[in-house]
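A single chain, nothing else alongside it, follows as structure tokens in the form predicted on its own.
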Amino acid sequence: MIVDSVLTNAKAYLKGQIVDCSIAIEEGKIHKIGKETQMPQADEKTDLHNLLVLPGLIDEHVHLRDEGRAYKEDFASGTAAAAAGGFTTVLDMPNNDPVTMSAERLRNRMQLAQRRLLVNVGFYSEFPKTLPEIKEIVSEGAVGFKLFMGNQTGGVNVDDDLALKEALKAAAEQKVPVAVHAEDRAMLGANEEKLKKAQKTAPADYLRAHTEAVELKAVQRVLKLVEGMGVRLHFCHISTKDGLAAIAEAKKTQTVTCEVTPNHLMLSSEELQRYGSLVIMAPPLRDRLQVDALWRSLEDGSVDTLGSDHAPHTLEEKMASSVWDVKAGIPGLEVTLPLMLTMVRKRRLSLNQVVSLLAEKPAQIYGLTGRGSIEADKTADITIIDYNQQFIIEAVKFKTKAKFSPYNGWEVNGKVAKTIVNGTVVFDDGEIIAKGGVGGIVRGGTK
């Protein structure tokens, strides 16, 4: 037979080892892995010259915006940023305009996206206003539900334990994950009100509102609510030692996983003095003691995934005079992989850990069968890296609309050379070379 393409002279990550091999691709799937002499004839052959070949990376925490917030990011620019960062699948958060919190809104969002996607995208939903809608949303294809505990975003009252418990139980019955933004709304609101009354509006005051206790209280609350329920909880962007400890304890008896972001690993609250409101995010950057605790948990395997929390805004929204008017978050899709590969170079992480955190574990947690590893018959989602190439991060060259970053000017290792999505090269040597529609919609349940 003649296959679509063959990649030769690859150094591919296969089941925990780097293997010299060739990879045949046919109809969007990995057809065969082996020596070049074992490869079938192909319409196209690409010599990778010993570049590092990883499973297509998965970012389970991305804000693609679009709809009412398309001025910050849209499906085309967001998935271009994903491809440029080596991500072949991303999961889109629901705090959009309008909020994704019904089957109808989810369906509309998918229809708007499908012809514009350069990588695969799965969609979260917020919890809806009524319990029966949860099943409808899952049937429509949501990959999971997002629970924002720090503010009232979705249809369920986050201050009502009984309502939350019923929603979480319904999600457990549908066997979909619940991703949790763990900040306690009551404590956070009281802190903010006190600071605003005292006319405290500096970036440092944001940390005084979003304290470590705000995170811990929310973590403990939701863990208690789901006891004995069997719900699959995934805590997003955990930023504190005590939060991690509570989750580690819960893992002994519950199905609980957690994520950290590169931002909370690579930056600390000291950066507020240098960058000010640019690095305002939720949860906020923490002090060095907390950063060190995150690294220890990453190194010992307590942390399950890395999520970029890609949160594009306009520069004007980041530079408001009062910190309470600043939009939280920074773009992350195009810096996550090189930052982590630089840490591999510095021996803070292993390549095996990076693949686990950014491909294998996200695929397992969200049931993305056919993705997360390079194997015959799996989807041909492939990230190709020039591991030895050093380069300077230049935010002005980002594919995202948010062309700013605290990492601007950093020298990093490991440049994305090519990104292959469903068997098609989307990103090659710094440029997007495919058209929208190459990426597909990843649906919960069917994947």
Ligand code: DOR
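Being a predicted model, the structure only gives us computed values, none of them experimental. Residue numbers run from 1 along the displayed sequence.
Keep in mind the form predicted together with this ligand is missing from the figure; the text below concerns it.
Screening 45-53, 405-413, 392-400, 58-66 for residues having heavy atoms within 4.5 Å of this ligand in the model of the complex returns a single hit, 58-66. With the partner omitted here, the residue from Val326, Ile374, Ala311, Ala170 that has a non-hydrogen atom within 4.5 angstroms of this ligand in the model of the complex is Ala311.
Proximity to this ligand in the model of the complex, taken as a non-hydrogen atom within 4.5 angstroms, holds for one residue of Ala113, Leu147, Ala282, Leu188, which is Ala282. Shown alone here, Asn95 lies within 4.5 Å of this ligand in the model of the complex, counting heavy atoms only.
Within 4.5 Å of some heavy atom of this ligand in the model of the complex lies at least one heavy atom of His181.
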